[in-house]
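So this first bit is one chain, no partners, the form predicted alone, shown in structure tokens.
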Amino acid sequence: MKGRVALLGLCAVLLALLPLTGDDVLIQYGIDALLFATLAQAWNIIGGFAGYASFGNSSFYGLGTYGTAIAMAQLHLPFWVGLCLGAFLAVVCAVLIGLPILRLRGHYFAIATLGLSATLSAIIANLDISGRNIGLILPLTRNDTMFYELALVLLVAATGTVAWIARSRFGMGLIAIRENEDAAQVMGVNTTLYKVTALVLSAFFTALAGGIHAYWITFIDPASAFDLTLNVRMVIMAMFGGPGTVLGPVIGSFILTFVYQLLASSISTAAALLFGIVIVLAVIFMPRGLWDLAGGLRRLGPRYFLQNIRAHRL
């Protein structure tokens, strides 16, 4: 255990020292990877631990971006005030929608969250304060090192929160809900409180990532802020790394962000197709992610893949 903590600390230090390389491309890649890792980790709270496949996290991301953008571009407030405003909007939205839709389960819940992003996008596109369909331009800041450090601190905070969840009574309650919600309720777990809390935590970190990204790119519009494909990438990265684990979503995000950027730079539009093929194969052969793959190969060897194929009846 101490060795694992020391290794994680070393990795965090190495990541913190990356800006010292002075390589702008590497730093920008790092910002992108760290923010996606945070998004995957945030989805992991509600999707991996509680077992509720949310497609509404892109809504929280959009609220985080617009909260920050409106505060800075329209109200001329400092960045940190906008970041707090975006997080507040996302948390309020999570509570308001969480209470009714978290009564749904499985694919019914997933379908219910699908329309949330489109609804919020349509509302934002008709508000003067949000720039309508044109969008908003934030103050320009050429300081990629600052954004990198913010993204790294946010990822550490999100991962620390997930680590606490994994070892807490709250986390055990979420896992019980994931495995059998009716049995968890009979055992005394306040399922409504646990699920709403998980959604609020997920919304909080997702919105902060959205606010940092908005200030970094300096321009947002409704289509990009509430992009549903962003939610799909969160899910894929978390599932690829290992849902319901502490480090799985982070590892999956780093690997897939690197692969995607590599393919996009060399194969252009075919990158998304190849990316999708890789994910489909991964889901078939290691449906519980890379984190489970390591233990499965150690226990079963190549039979681990055959076991997963049989489980999918292929």
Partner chain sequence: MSADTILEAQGLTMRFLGLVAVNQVSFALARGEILGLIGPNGAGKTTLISLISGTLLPVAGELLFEGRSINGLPPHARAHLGIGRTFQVMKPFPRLSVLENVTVGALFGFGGGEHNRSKAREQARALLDFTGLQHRVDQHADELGGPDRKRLELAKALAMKPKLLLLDEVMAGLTHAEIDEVVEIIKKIRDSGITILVIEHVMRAIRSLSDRIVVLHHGEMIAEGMPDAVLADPRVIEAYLGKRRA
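Positions refer to the first chain, counted from 1. This one's a predicted model, so the numbers in the text were calculated from it and none came from an experiment.
As for the form predicted together with the partner chain, it is not shown, yet the points below apply to it.
This chain lacks the partner; the member of Leu127, Ala183, Ala122, Ile111 within 4.5 angstroms of the partner chain in the model of the complex by a non-hydrogen atom is Ala183. A single residue from the set Gln74, Thr145, Asn190, Thr141 has any heavy atom within 4.5 angstroms of the partner chain in the model of the complex; that residue is Asn190.
Judged against the partner chain in the model of the complex with a 4.5 angstroms heavy atom cut-off, the residues Asp24, Gln28 and Leu35 are out of contact without exception.
Only one of 217-225, 150-158, 166-174, 131-139 places residue heavy atoms within 4.5 angstroms of the partner chain in the model of the complex, namely 166-174. Among heavy atoms of Arg178, some come within 4.5 Å of the partner chain in the model of the complex. Taking the partner from the other structure, the partner chain in the model of the complex has no heavy atom within 4.5 Å of any heavy atom of Phe240. Tyr194 belongs to the set of residues with a heavy atom inside 4.5 Å of the partner chain in the model of the complex.
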